[in-house]
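Here we start with a single chain on its own, the form predicted on its own, put down as structure tokens.
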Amino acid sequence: MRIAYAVPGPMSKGPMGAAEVTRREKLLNSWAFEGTQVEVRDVPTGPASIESAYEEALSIPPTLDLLMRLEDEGFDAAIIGCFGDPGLEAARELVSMPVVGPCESSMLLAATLGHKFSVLTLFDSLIAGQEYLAVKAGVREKLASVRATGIPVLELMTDIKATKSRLVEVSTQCVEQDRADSVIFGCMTMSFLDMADEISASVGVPFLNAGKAALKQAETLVSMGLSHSKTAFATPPKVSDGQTVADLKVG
């Protein structure tokens, strides 16, 4: 099966560069089952990192264009490569292949691992939004907490030792103070640090790599011949009537 990991930002042109795109693609393929091919694609324009609802909104139009091209290229499924799942519902309206969001995937999985789970995010300003994502996923009552690390996306990889120390510190608070039974990395760059096993061993509860959770859901859906329901994510009426997405744009 062919699965695309769609980065909703121009990562290859930004501070992380093309080398990070290549690194993530290698990691995804190392996590994949035998016979799965994963390709990472980024969009040509948009925010260098997504740390607000505004930046998420900016990222959605080019990401939708990319996802439609990926389906035309014959990919079996796609992952939206941002923990906020920007444009997930709209993407499911526009394509038939499974489109998976890391947040939704990891929250649904975490809900099966214990009574409560927590999410590690970047800043306090993102906490309410990630609580709402738990509502959308239908697991709000299982969310123990969302706690911020205070480390920006583009600085998570600057000092890996300091980042790991901070992740352990905040995760311990989630477990000891909020009674979380598992913890999710609420940022894709956190997930691609690939240290879930190390931090789990330090803190004593399961840690979920959101990128890996999304990949495994995508593989499962493709292997079972399943995709999102079109009664839930109906094709836009104008598109059903023969208009293209480009036709919907004015000006």
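Nothing here was measured: the structure is a model prediction, and the numbers come from that model. Numbers for residues come from their place in the sequence shown, where the first is 1.
Not on display, but discussed next: the form predicted together with a further copy of the same chain.
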Any chance all of Ala53, Ala180 and Leu221 sit within 4.5 Å of a further copy of the same chain in the predicted complex, going by non-hydrogen atoms?
yes
Since exactly one of Ile60, Ile199, Leu66, Leu27 fits, which has a heavy atom within 4.5 Å of a further copy of the same chain in the predicted complex?
Ile60
Could you check which residue among Ala144, Val170, Leu156, Ile127 gets a heavy atom within 4.5 Å of a further copy of the same chain in the predicted complex?
Ile127
Please check if Ser96 has a heavy atom lying within 4.5 Å of any heavy atom of a further copy of the same chain in the predicted complex.
no
Heavy atom of Gly17 within 4.5 Å of a further copy of the same chain in the predicted complex
no
Distance check, Lys13 to a further copy of the same chain in the predicted complex, heavy atom within 4.5 Å
yes
Touches a further copy of the same chain in the predicted complex: Lys136 (any heavy atom, 4.5 Å)
yes
Using a 4.5 Å cut-off on any heavy atom, which residues of 102-125 would contact a further copy of the same chain in the predicted complex?
Glu104, Leu108, Leu109, Ala111, Thr112, Leu113, Gly114, His115, Phe123, Asp124, Ser125
